[in-house]
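Single chain ahead, by itself, as structure tokens, in the form predicted on its own.
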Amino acid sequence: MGRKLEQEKGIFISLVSMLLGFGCLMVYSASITSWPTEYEQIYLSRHMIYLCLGVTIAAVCSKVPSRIWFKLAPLLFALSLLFLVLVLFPGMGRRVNGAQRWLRIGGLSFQPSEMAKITLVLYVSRLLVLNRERLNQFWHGAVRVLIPPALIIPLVMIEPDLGTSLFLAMGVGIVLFSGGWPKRYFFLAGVVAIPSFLLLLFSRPYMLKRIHGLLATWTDFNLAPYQIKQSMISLGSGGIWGVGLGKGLQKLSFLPEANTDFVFAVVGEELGLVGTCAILFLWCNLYVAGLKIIKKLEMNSFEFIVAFTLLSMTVIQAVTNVAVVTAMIPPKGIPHPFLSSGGTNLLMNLASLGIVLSMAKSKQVEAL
């Protein structure tokens, strides 16, 4: 049984490596401009630095026993909360395109909200396990478990970053679902969350504009948002086989964020439908392989909840990026895991999969 698990982990790691290798290739190709300079090498070098750091972090995370993650969850959550507060302070938070999401310390900058995707999952999973026998009690089962997301998510929304806020809420939802949260609490949470979301939606004109832009993409293409229009042109011009690696034209100052949020469109233009389907094939197999390595974990255990949630969130982020690029959901800046140019998102996605491997081989944590 141990040998089979090691083989399944090997397949899982191989699939991640294939996506990472594909990402290096596409980051370099997508960074080429109409006036080739040394910037292509600079983008690739920066990506490789983050990649090496991310692989190192993933390797370290995979060696940490689940009982350590269980004990560290409150501290890591508190650290994320502190960073999210500091990012809102002038001089510490870095504002880009109207959003203050990056925390600058010395010469380094990173997004605390990306770190919160992991720490919130760990902490809520811990609370769920500790209160397993008292989930039917409203205070222990609902209020205590929902306090952490109630602290984190509003801070992310203030930045503002609605997309990440929804992603964090979705992660908490997966934790609660996989942890056996009583169904009546989901109903109560929906009663509160849905009207709140609609109120927020109608209070932010730019959010309604994005929805109208999405509808225009399929009704009157001339009225579609610029980035979605260029993305669809990229995908369409690639056809089945693509125009050839490095030969795409849309990335030459037409397609915004070609090496980050819209790198999948570059894949579609240069490698065609075959290339995009290959990427989706790798992701499907990665998810299946990940589920296989955690299938022996006890349902509702800390290890299973954390591993299933982090694995699912990584795959869902990839699916969401593809949905944005193909105009299936409103445009939102979200990187494609392992393919987009490196940064905090790459580091945290690799750390997430490292934790998945850690949970897969750890003994079950006994609730205190």
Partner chain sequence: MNWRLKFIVMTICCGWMILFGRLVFLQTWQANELTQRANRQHTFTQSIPARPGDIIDRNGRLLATSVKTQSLYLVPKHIKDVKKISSQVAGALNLNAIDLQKKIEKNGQKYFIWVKRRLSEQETEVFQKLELSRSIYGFQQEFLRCYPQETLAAHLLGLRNIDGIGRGGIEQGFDHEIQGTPGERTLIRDSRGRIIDMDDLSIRHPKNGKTIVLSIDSVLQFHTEKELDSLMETWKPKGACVTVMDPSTGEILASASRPVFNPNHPEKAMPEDWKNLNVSAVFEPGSTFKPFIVAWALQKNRIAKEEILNCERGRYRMGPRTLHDHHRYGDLSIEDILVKSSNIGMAKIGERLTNKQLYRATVLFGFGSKTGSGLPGEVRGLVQPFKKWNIYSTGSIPMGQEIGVTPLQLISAHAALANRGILSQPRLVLKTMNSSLVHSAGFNLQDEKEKRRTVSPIIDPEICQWIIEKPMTEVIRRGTGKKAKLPDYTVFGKTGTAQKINPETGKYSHTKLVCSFVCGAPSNNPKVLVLVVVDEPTTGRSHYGGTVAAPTASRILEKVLNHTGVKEQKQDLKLAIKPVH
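It should be emphasised that the depicted structure is a prediction, and the values quoted were computed from it without experimental measurement. Residue numbers count along the first chain shown, from 1.
Separately, the form predicted in complex with its partner chain exists; it is not shown, and the next lines address it.
- Only one segment in the set 263-271, 139-147, 109-117, 155-163 has any non-hydrogen atom within 4.5 angstroms of its partner chain in the predicted bound form, and it is 263-271.
- Note on the partner interface in the predicted bound form: the residue among Gln100, Gln227, Ser178, Asn131 having a heavy atom within 4.5 angstroms of its partner chain is Ser178.
- In summary, among the residues Phe70, Tyr43, Tyr50, Phe304, the only one with a non-hydrogen atom within 4.5 Å of its partner chain in the predicted bound form is Phe304.
- None of the heavy atoms of Ala189 is located within 4.5 Å of its partner chain in the predicted bound form.
- When contacts are judged by a 4.5 Å heavy atom cut-off, Phe308 counts as touching its partner chain in the predicted bound form.
- Residue contact check for Phe197: none of its heavy atoms lie within 4.5 Å of its partner chain in the predicted bound form.
- Shown alone here, Ser203 lies farther than 4.5 Å from its partner chain in the predicted bound form, counting heavy atoms only.
- Residues are counted as partner-facing when one of their heavy atoms sits within 4.5 Å of its partner chain in the predicted bound form; in 215-233 these are Trp218, Phe221, Asn222, Tyr226, Gln230, Met232, Ile233, in sequence order.
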